[in-house]
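In the form predicted alone, a lone chain appears below as structure tokens.
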């Protein structure tokens, strides 16, 4: 079985000795048996830490859970700086969390945390920060400052959290390079290993924004095409 790994160029490796192995096991084999210079990230080996996210055949996966197949082409995540081979710099993705104020900044004095409202952001709390959604997002091709699914899902998590008493501040900061720039293509949802739908979260944030008086700027510039002469 042969696979190719994107380094400075595509490099082919024969891993015929491995059958039914995960991609992470295969990378470990290559590094210890064939090419010690191969560089990649890994951590928990249990699909929990998200550090081994890569692209296989142009789709984001976790190397520790993906089973290698003949002819696979492995590449680093997109939309991030490649440090070496499959290792990427995640700083810019994390910076968008800061720009989006994706945290609880003003706690309600007496929050009424019920089992029902705990479930409002239960799924979003499962994010493992693998950045697969960030890599899959096509918007970065035209807007590198897009806050993106990675951060907007976290914003929804805190906007829906009853312990935060100032959701509007977060809604304010995601109006620019934020929720209205998303194309709702759903690419982010399809690659999330935790089944989090950032698209659905962005749609909820759009609804929340209208409650605060915001509207889709694309509608604001639409002239309707109804010219009556």
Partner chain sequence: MQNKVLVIGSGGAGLVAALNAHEAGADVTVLTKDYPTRAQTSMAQGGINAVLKHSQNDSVEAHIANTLKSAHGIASEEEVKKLCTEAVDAVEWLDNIGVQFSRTKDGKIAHRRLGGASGDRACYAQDYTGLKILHTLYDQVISKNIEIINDRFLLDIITKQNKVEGVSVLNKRSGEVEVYSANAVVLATGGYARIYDKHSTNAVGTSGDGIAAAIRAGARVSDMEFVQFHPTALKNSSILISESARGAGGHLLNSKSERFVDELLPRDEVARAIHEEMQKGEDIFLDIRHLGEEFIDEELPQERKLAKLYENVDPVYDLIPIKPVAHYTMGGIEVDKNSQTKVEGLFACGECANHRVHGANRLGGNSLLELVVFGREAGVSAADYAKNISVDASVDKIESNNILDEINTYTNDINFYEARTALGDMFYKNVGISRDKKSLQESLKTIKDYISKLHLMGVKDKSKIYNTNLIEFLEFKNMLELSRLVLKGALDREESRGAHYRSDFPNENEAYAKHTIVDINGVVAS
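The structure displayed is predicted, hence computed values, not measured ones. Numbering follows the first chain given and starts at 1.
We do not show the form predicted in complex with the partner chain, though everything after this point is about it.
J.: Although the partner isn't part of this model, could you tell me whether residue 87 comes within 4.5 Å of the partner chain in the predicted complex, counting any heavy atom of the residue?
T.: Within the cut-off, so yes.
J.: In the predicted complex, is there a heavy atom of the partner chain that lies within 4.5 Å of any heavy atom of residue 55, even though the partner is absent here?
T.: Because no heavy atom of residue 55 falls inside 4.5 Å of the partner chain in the predicted complex, the answer is no.
J.: Within a 4.5 Å heavy atom cut-off, is residue 199 in contact with the partner chain in the predicted complex?
T.: Answer no; every heavy atom of residue 199 is more than 4.5 Å from the partner chain in the predicted complex.
J.: Looking at the partner-bound form in the predicted complex, is residue 139 within 4.5 Å of the partner chain by any heavy atom?
T.: Although the partner chain is absent here, residue 139 would stay clear of it in the predicted complex, with no heavy atoms inside 4.5 Å.
J.: Would you point out which of 168-176, 183-191, 58-66, 200-208 contains residues with a non-hydrogen atom within 4.5 Å of the partner chain in the predicted complex?
T.: Stretch 58-66 is the one.
J.: Residue by residue through 23-62, which ones have a non-hydrogen atom no more than 4.5 angstroms from the partner chain in the predicted complex?
T.: Counting only heavy atoms within 4.5 Å of the partner chain in the predicted complex, the contacting residues of 23-62 are 31, 32, 36, 37, 38, 39, 40, 41, 42, 43, 44, 45, 46, 47, 48, 49, 50, 51.
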